[in-house]
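First comes one chain, alone, set out as structure tokens in the form predicted alone.
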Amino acid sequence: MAVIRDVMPAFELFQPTSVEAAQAVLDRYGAGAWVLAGGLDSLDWLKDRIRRPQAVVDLGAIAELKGIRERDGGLEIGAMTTLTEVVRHPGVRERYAILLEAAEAAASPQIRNQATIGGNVSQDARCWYYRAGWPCYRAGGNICYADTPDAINREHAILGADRCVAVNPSDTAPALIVLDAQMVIRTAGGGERVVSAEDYFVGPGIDITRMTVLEPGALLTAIRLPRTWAGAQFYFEKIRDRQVWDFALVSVASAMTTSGSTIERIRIAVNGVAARPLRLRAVEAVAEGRPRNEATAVVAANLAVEGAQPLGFNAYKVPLMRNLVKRAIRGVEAAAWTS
């Protein structure tokens, strides 16, 4: 077990006032640079001395990365916008309330005042073996300590494991996926790339050392919410050990439009069950065109957990995920919560 020293290693601190200046530092230091947003995840890594960057790039002084703006009938949220600003913004509340719910569930009010939406979607895995400095696959080793007979793996993956069984910890991620959000990335060298929220997150089969498409030198600058799902019927639920600030054991987000009692369109995503937040495309396909009722919810929920492979201590996630998907489709009023 790594020794927790609670003293940060030495590094150069840069506090640029423009994206161009930040990009110049990132280009200069490459993999040796560390991007600091709200700092809540970063300071844990630095104080425990697990990460030792040459340079830390503090984005707090870059005004263009902050705030929420109207764009093409939707909204554009700067990556350095705090979760508190997201929760309080009238445009988010009126058109994209699911993001408000997810951001509010992410942390206590004090933490939301500091945490940014860019940091929330870009934070690293919370697996305690990895965070404590054990030489696991994700840290460059050749074993997953959470996937051994004696491991403590109550919070780990039941789907999509590929060597690493750590899960994605972001609360806003599934909401952004169902809203079909677009992530704006400044790439190394100054170019711009726009990817869907669904494709922003990667699993260990693509790159076991990263949880997002951000490569050394890249910077998430904004998140765009298109008008496609504005004002839809939303559902968000996060199950955690404590009904205060805590990471999700399982969470679900859905956006739906209906015609009478028939589901016309639906997007649904879950988190806390895999290395990346999962869009449940098969569930969407089976639900669209069906009535929004218990029968549809049961079929969809059973389909959602097909292929689940629980570990020694997290089999509870299978029925938990099944029930959350049922509730996201039928609505909590349509049947008993405990069914």
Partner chain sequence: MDILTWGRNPWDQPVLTHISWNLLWAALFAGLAFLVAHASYMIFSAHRKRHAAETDAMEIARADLPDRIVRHSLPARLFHWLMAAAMFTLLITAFLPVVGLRFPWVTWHWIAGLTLTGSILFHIIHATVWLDFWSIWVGPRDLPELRAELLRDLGHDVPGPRPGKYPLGNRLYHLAIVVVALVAVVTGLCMMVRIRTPFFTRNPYLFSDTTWGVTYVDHGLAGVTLVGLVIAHVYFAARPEKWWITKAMILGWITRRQYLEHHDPDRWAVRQLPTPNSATPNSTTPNSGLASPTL
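None of these values were measured; they are calculated from a predicted model. Residue numbers count along the first chain shown, from 1.
Absent from the display: the form predicted together with its partner chain. The rest refers to it.
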Contact segment among 159-167, 116-124, 180-188, 221-229, judged by heavy atoms lying within 4.5 Å of its partner chain in the predicted bound form | 159-167
Quick one: is residue 205 in contact with its partner chain in the predicted bound form, heavy atoms, 4.5 Å cut-off?
-> yes
Taking heavy atoms and a 4.5 Å cut-off, does residue 143 contact its partner chain in the predicted bound form?
-> yes
Counting only non-hydrogen atoms and a 4.5 angstroms cut-off, does residue 210 reach its partner chain in the predicted bound form?
-> yes
Report whether the minimum heavy atom distance between residue 149 and its partner chain in the predicted bound form is within 4.5 Å.
-> yes
297, 311, 305, 68 - the one with a heavy atom within 4.5 Å of its partner chain in the predicted bound form | 311
